[in-house]
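Form predicted on its own, single chain, as structure tokens, below.
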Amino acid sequence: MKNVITKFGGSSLADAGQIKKAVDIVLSSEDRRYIVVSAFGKRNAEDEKMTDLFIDYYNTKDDIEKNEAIKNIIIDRYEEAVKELSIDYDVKSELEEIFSLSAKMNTVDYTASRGEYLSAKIISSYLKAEFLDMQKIIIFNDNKKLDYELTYKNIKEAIESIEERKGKIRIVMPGFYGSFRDGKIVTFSRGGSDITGSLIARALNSDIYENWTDVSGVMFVDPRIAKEAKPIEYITYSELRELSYMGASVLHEETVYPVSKVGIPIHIMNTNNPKDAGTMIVSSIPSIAKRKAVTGIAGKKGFSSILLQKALMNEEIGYLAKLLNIFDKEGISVEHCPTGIDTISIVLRSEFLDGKKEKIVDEIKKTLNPDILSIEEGISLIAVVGEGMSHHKELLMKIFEILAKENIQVKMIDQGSSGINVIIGISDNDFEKGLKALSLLQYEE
């Protein structure tokens, strides 16, 4: 018997019908004994995710009318699911207790976490499985950084304790949250249920971590922009992190860290089409896989470039360090820093300049006295990613040919030292056109 971690995203659990599909998948294999669940997702484009509803409930606590309306929407949706699943679970009483505790605790993390908590309670009841809460098992330090080793230890001990008492039964666990050492609930960033599954897989030294969603794997490029995009058969942890960071949203970008350390593969699969091959995320591509020059493309809008030019800049020791220190003091993360002999460009998210632009400009002028200082906003970054890229010397030329054909100006290019990615800066206005054009690279051998 294999040791499999099976995680279902919100779209896989949007309503009773989707829950039944997920449970059918679990029951189709005796290997699927450890199940991690997200909160209910959207049932349609106009719908709201359950986590958003809980957060809205918390944020409207001073508006009685709105607060009550959201509360009723939450109750109705859960009662509908429980009724359609025909399970004996008084979800309304549980919700009333949650709403009461939300008011007493007055923390958004507790309220936001209840979507995953209730999903796990409902699905464990429907599966007739054991419910294991992740509060006091996944542990955060006071600075809200995860204590990995203590978390692994707690997960292993908690599951071993259940199995010693009840045998090798199925166990359903909520994703997305843990707690400080004092038991106060802490949530991951949104999409963090993926991380929960990864932590459990690492703690139990699993054979595979299945991540079930509403797409048939990681796509070469966003299919909403390029309809001809194809699923990626195999992708390495490193490639996925590059794509996730640049906007590919199948997995939370921090998911790969726990499992990559020990080589546990992640299998992205489609709840609505479980027979599709999906995408395997692995430490290295197996020899049976057909490698492409480029594995995938992803990008984001909303960046700015700050350009400094100064004669003989390269002769001033510590010039770059002084520049970066200005952003460090403002708590601003720098994305890229292309340089020339007499020029430096700082690429950062435009949102970081809100309310700080004049202060940063004044500080740069005062500290570094550049000959020219300019800011360009409305820049998009596109990452072309693939471990096979270093073996294709003509690939950069191909990228520029594609963009030139579409009359897209390249404002920046930065190749990572790892050799598996190239970052290209273009105008926000050309973003969709650029991604669609570069989707041609999926056919490059």
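Predicted, not measured: the structure shown is a model, and the values here were computed from it. Note that residue numbering begins at 1 and tracks the sequence as displayed.
Note that the form predicted together with ligand ASP isn't included here; everything after this is about it.
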So, in the predicted complex, is Pro370 in contact with ligand ASP at a 4.5 angstroms heavy atom limit? no
Taking heavy atoms only, is Ser380 within 4.5 angstroms of ligand ASP in the predicted complex? no
Contact test in the predicted complex: Gly278 vs ligand ASP, heavy atoms, 4.5 Å: no
Just to confirm, Glu210 within 4.5 Å of ligand ASP in the predicted complex by heavy atoms? no
In the predicted complex, which of 34-42, 64-72, 396-404, 372-380 comes within 4.5 Å of ligand ASP (heavy atoms)? 34-42
Could you run down 110-131 and flag each residue that has a heavy atom within 4.5 Å of ligand ASP in the predicted complex? Glu116
